[in-house]
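As structure tokens, the next two blocks hold two forms of the same chain, structure 1 and structure 2.
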Structure 1
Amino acid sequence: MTTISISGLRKSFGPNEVLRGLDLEIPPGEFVGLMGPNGAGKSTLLKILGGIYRADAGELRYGEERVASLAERPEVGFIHQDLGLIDDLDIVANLRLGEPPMRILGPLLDARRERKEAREAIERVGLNIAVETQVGELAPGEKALVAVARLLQRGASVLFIDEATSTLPPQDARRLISSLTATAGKGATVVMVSHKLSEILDATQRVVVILDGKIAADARSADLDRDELARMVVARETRGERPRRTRGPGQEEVLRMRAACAGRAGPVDLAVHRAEVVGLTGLAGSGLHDVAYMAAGAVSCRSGEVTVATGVRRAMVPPNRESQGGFADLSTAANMTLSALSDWRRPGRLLNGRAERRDVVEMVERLDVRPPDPEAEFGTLSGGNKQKVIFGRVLFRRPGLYILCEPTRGVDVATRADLYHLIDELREDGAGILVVTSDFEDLFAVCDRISVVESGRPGEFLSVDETTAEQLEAFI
């Protein structure tokens, strides 16, 4: 059992000073929640500890020993946001990745024992799936659990976990967290990054907040309530009180789906009206996101139809920003404007670079993208800031129909409030909005009607005013 001590840690990327002398001590056996706004340096800290980045200055101690990183310690495990699993291999192979094969004798492999141990490992994290399943077929929540199972199976007793719950529906998130809590209960140290207040309050013993490159707050979780914690992590003014809704949804349909089928979804019947926000949720694997792709016209349906009101543009925030969201090598500006370039064309087809630039600067400010530099490379942005840039792109299209998948995924507490505010404004302006999300807070914050997608089709639509989170969960 070893204490981790970090002192005076510094890290800059070019002129961007991210960590500015960070001090933190983590005693063994503690479950620590790590919070802070998007771009604060949480992932950077974990990457330094994991040996992916090298600190510019500062000291890291593992017990008495001074070390450059914790990467070489077999008992220390990391789950970075991409999880590091291989989709084309089954669960057994993923769990054994990098380990020598088990042998009975000499060259005889003991596949039976590997399977048995794999089964035990995933059962320990509450997963009940055949271990021969290809990891690529698993839902994100199940993948996250496999990643945790892998760490535990290797006997990791110090775990660092970067936003593994950000795409998980409540049940999966709880499953993952309870397996972490159980591990911590047996003496393991767990450091978990999350933007979800309730998760941090429920699971952790201590909350540490990074702001301006240093630890700005450090408190016992039990001493905090939700509001106090929110105040600790919100580093700036939000857009304040949300506007009251002055009107109900319009009569006019902007989107109509009739018995539409594609991928795992269908037959889907649903309508989104002008000035209406319709929410869909469901477990991963339910075909939830396929409904969104159909609505956005990103896939065509094999049967049934999807119609959009004449003259209405649609735009989508895709569910997975890492693989579908943006162009890593292009700038923030290019990523924002690439699907609306014609808006900045002058007669004669020349691009009006100055107007484009001005609009981008305005959008960066409106969404509080950090760093506020239109030329920053998209691939280097923090998770939440990537999400904001993709939102900017969607806004630039000025659509009449928005399809927003996991709109608040990975964004910090203040930005979440801002995005809700923004969705209210879009609705007020008359847009139709389809929110497809695993985050119940999104549903209750912005939607008029909600439904649970199961086996590819939405069930009954419920008015949010007459629904509680518990009722909704019972449907899933």
Structure 2
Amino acid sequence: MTTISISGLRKSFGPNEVLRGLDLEIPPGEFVGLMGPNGAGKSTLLKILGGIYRADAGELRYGEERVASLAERPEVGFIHQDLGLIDDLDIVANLRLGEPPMRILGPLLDARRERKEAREAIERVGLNIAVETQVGELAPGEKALVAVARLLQRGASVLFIDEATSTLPPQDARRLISSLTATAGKGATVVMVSHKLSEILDATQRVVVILDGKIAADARSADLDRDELARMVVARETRGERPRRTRGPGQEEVLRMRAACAGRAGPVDLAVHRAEVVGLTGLAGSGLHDVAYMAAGAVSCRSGEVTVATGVRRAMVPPNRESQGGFADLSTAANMTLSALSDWRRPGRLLNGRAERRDVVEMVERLDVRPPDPEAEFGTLSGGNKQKVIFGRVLFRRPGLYILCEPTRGVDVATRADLYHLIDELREDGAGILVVTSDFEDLFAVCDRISVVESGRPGEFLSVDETTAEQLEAFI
């Protein structure tokens, strides 16, 4: 087993310095939790270690050897948020990606041996499913476990996990954490990036907090409590605790769905009223996101109907900001304004660039996007700041109906609080809001009424005051 030593690591994207002389040592056999607000440099650090980015300065040592990255080490593996799996291939093929095929003689493929080793690999992480199953048919937690199994099958004893639990329902997240804990218990080194405080405290032996590109804290998990860790992670002052002000549905509907069917969803019957936040949750494969797409008009109903009140504009925050949310090579400003450019048109269709930039600067300040540079490329922003840019685009649409799909996925504690405050403000301004989320915290923080989507259909709507997280978890 080998110690990983990082000293003086620096990385900038244009004028934005992300890592500022970071120093860190990871001894063998530890389960380390890596935390910090969005933009702190966590993912950039892992991408340098994985050879995706090259550091501007600093030193990385693997044992006594100085290396540019850990990418070529067969005993070191990385799992990023997208997991690197292909839905259209089965488990066997996904485990073999990038590996030479197993052969009997010459060109003959040893399919039996590949299936046998695949079964052993997934059993090692607690999965008991047919290895011929297509990955696209798996639950999110099962996909994450397949990604872990692939690393372990290839002999990885050092695992870097970047926000792999951010998209998982609670049960699946616990299943993945349990597998990683067992792996660490057998002597592996595990470094896990997460914004979820309870995961870090329950699973890891050590917590490292990165703030502004440097190590701000490094402590044993057993010596920390949730409140202390939250104070460490939130690098700037937030607006404090918000009293939850739930209310019943009003009289004026902005959205009505009647027996609406599309994708895996339907028939769906629900209403959203002005100045109301309605929440939906459910398991992967339940049709949860399809309800959001129908409500937003992103997909057409194959039967039933979706009606939006006259004169009400609608806008959606999509569930996957990487593939659906923004254009990596365009600036923050372009990503914010591209769906509302007509607002800055002069007579003759010419764009009033000065007015557009002025409004973008105000929106960047309002949402506290970091770095506060309208020309910063979207692709260089942290996940939470990308989410803020997408919210900015939605706000520029000035809708009366917001469909917020996984609004806080993969964001830090401070950004989550900011987005909750923003949703509160939108409701107070009279907007109707549909929150579609797999994160229970979203439901209890901002929603008035909530329901569980099962087999494509929302169940009974209950006041959030009448429901507990334990009850919701039991429902799904």
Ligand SMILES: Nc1ncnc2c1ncn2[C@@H]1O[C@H](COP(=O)(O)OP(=O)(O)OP(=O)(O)O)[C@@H](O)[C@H]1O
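Quick note, the numbers are simply positions in structure 1, starting from 1. These figures come from a predicted structure and were not determined experimentally. Throughout, rigid core stands for the largest set of C-alpha atoms superposing within 1.5 Å between the two forms.
Structure 2 derives from the form predicted alone, whereas structure 1 comes from the other one. Once the cores line up, the CA of R264 ends up less than 2 angstroms apart between structures 1 and 2. With the core held fixed between structures 1 and 2, G126 has its Cα displaced by at least 2 Å. Relative to the superposed core, D88 moves its CA by 2.9 Å between structures 1 and 2.
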